[in-house]
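Next comes just one chain, in structure tokens: the form predicted alone.
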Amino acid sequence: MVEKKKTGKAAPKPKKAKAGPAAKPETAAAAPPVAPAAKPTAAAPGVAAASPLDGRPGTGIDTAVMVEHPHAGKINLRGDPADQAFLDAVRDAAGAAPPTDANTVATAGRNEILWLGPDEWLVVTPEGEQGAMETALGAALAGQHVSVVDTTDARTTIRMHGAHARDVLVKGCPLDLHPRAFGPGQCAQTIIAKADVLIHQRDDAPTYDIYVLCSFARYLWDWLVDAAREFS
């Protein structure tokens, strides 16, 4: 009887004393300072400034040079091309009316409007100017049946240029990129190595801007680097 009472009293008392007052106050006191410090770091400019291809080596080949332009503004625009009021409003805001000819690009200064479909375009602005463009388009098109959506962070842009740039692309692109079929001032939605892209040929060098979803950017970049090795 005596031995049972001693073991019963000794076991629970030390456990309650150690677990209760010692651990809980220290944990509660430490938690508040950690939470505020972590939030700014996670949400801050690092996310907006980062690109999916930061630190990715390029081809190292003069005839097929690749450079990323990750932060150009990209605004998806939809409206009625048969409505002159719509065309005029876009021209007032962006400097050019959206092109109505399939697979063409309208340019006004540093702004570009790429044709995506019969009633859809991509308005491309210099880095950091997408907010102002979205606001300007929204104001100019107020009251009209349109859609203006900032999609800047959805895609990055790989610019490829050089004498063999076209040769690299045709390895994985079904689009006819021969100069007789596709040239400066034209754009098209297609695929490269099974990745959905939007290609814009800028000049006769040739120079191409390839818009690709950020989740596919590293895959496509590595594929292009590998495809260019033949020309080194």
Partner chain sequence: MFLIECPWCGPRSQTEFHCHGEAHIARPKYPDAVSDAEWADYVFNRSNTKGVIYERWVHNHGCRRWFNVARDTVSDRILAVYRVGGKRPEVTP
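In this text the structure is predicted, and so the values were computed from the model without any measurement. Positions refer to the first chain, counted from 1.
As for the form predicted together with its partner chain, it is not shown, yet the points below apply to it.
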Heavy atoms within 4.5 Å of its partner chain in the predicted bound form: which stretch in 87-95, 131-139, 118-126, 156-164 meets that?
118-126
In the predicted bound form, does Val67 come within 4.5 Å of its partner chain, counting heavy atoms only?
no
Can you check whether Thr190 is within 4.5 Å of its partner chain in the predicted bound form, heavy atom basis?
yes
Hey, in the predicted bound form, does Thr104 get a heavy atom within 4.5 angstroms of its partner chain?
no
Contact between Arg78 and its partner chain in the predicted bound form at 4.5 Å, heavy atoms?
yes
Residues in 161-185 close to its partner chain in the predicted bound form, defined by a heavy atom within 4.5 Å, in order
Pro174, Leu175
